[in-house]
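The chain below stands alone, shown as structure tokens; this is the form predicted on its own.
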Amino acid sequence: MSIKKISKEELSQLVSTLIASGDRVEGVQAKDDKFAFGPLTSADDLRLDYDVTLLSPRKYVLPPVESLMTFEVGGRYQSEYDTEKLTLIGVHPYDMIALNQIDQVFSQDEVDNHYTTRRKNMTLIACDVVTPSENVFASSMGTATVSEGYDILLTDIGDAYVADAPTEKGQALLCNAADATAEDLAKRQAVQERNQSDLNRHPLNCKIEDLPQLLEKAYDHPVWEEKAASCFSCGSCNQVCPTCYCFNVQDDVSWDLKSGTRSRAWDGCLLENFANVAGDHNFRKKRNDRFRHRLYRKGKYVPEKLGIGTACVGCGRCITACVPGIANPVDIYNTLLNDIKL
């Protein structure tokens, strides 16, 4: 591990060098009064003081639409892999933890080579939060800070950044930077300790370790029907969530019926046809069943599958995106806590 100190001017120079290399470089930029990841053409466009991006960096490891292979009549096929090198700058800790979770999912059992190939070609530069967003609750989810997954973690200490580089890729980028002093590290610790408590616009009234036990007793609670009565089944909460990884696979055949492409695209458990199977049977047709499934996935199913605390990282995007205002996981969990004794 290498912990360096880099001035803001030096960081700007590093970003400019990355852009000039010709490799793909993407980072957080202002979009009017919002922020979004996008291609960087100038280091001046990079914003590390942002509150939250509209979409999470999930789109870089699992694109909204991705070609998996091409095929021809007669059985010949060719798998397609994305081997482009990418440097992604400005990933917040909660989003980094989300990427770590998805890494774990796609590396289990039958390893997804399309995913892992893309991931190996990425260099991730994360940054601690400077400006809390209006709906963040990462402190309650234990995701306000991160300790792994990134190649570099930048922490703004006022006049410069402390840069933690645990990987060879990160260390190579910071090879000319000076070592951080004890004073620098103390400033970094102060930032991270503050974020561990302050990134909490919606406090959860229990420990995240209690959520599986809570949900075990809540399957028939009336909150699912009450909230789902206002649900549009639009799937916005799924699409903006950094930990959702469900997808649909589709074959598209050319007009001459001689060739085609197999692709996958984002899907979401709130969408009406998500649980459709052969014979047009839908085993989660009711909105309240779909609504409940999303909250169980975040608080029980995936945590038990991966051995983690929670599959909700507290970014707050679902709260912001939900038009009827029913997607807040903390609001629902706290409602259950009022009625169910752990």
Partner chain sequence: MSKPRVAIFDFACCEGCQLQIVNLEEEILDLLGVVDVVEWREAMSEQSEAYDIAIIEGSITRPEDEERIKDIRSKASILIALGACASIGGVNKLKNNFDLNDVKKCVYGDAADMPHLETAMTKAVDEVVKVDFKIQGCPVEHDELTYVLRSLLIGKTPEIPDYPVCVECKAKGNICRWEYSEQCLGPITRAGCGARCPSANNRCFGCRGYVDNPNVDAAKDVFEKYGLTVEDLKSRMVLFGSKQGPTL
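Please read all numbers here as calculations on a predicted model, not as lab measurements. Positions refer to the first chain, counted from 1.
Although it is not shown, the form predicted together with the partner chain is what the next lines describe.
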Item checked: Answer range among 267 to 275, 155 to 163, 194 to 202, 86 to 94 for contact with the partner chain, defined in the predicted bound form as heavy atoms within 4.5 Å -> 267 to 275
Item checked: Single option in C234, I208, L215, V223 placed near the partner chain in the predicted bound form, where near means a heavy atom within 4.5 Å -> C234
Notebook entry, point to check: Taking the partner chain in the predicted bound form as the reference, which of V61, L55, I308, L48 has a non-hydrogen atom within 4.5 Å?
Noted result: L55
Checklist line | Non-hydrogen atom contact A321 with the partner chain in the predicted bound form at 4.5 angstroms | finding: yes
Notebook entry, point to check: For Y219, is any heavy atom within 4.5 Å of the partner chain in the predicted bound form, or not?
Noted result: no
Check: Is N248 close to the partner chain in the predicted bound form, meaning a heavy atom pair under 4.5 Å apart or at it?
Finding: yes
Next item on the list: Evaluate S133 for contact with the partner chain in the predicted bound form, applying a 4.5 angstroms cut-off between non-hydrogen atoms, and reply yes or no.
Entry: no
Margin query: Check for me: heavy atom within 4.5 Å of the partner chain in the predicted bound form, for each of L14, R24 and L185, yes or no.
Written below: no
Notebook entry, point to check: From first to last in sequence, which residues of 280 to 299 have any non-hydrogen atom within 4.5 angstroms of the partner chain in the predicted bound form?
Noted result: R287
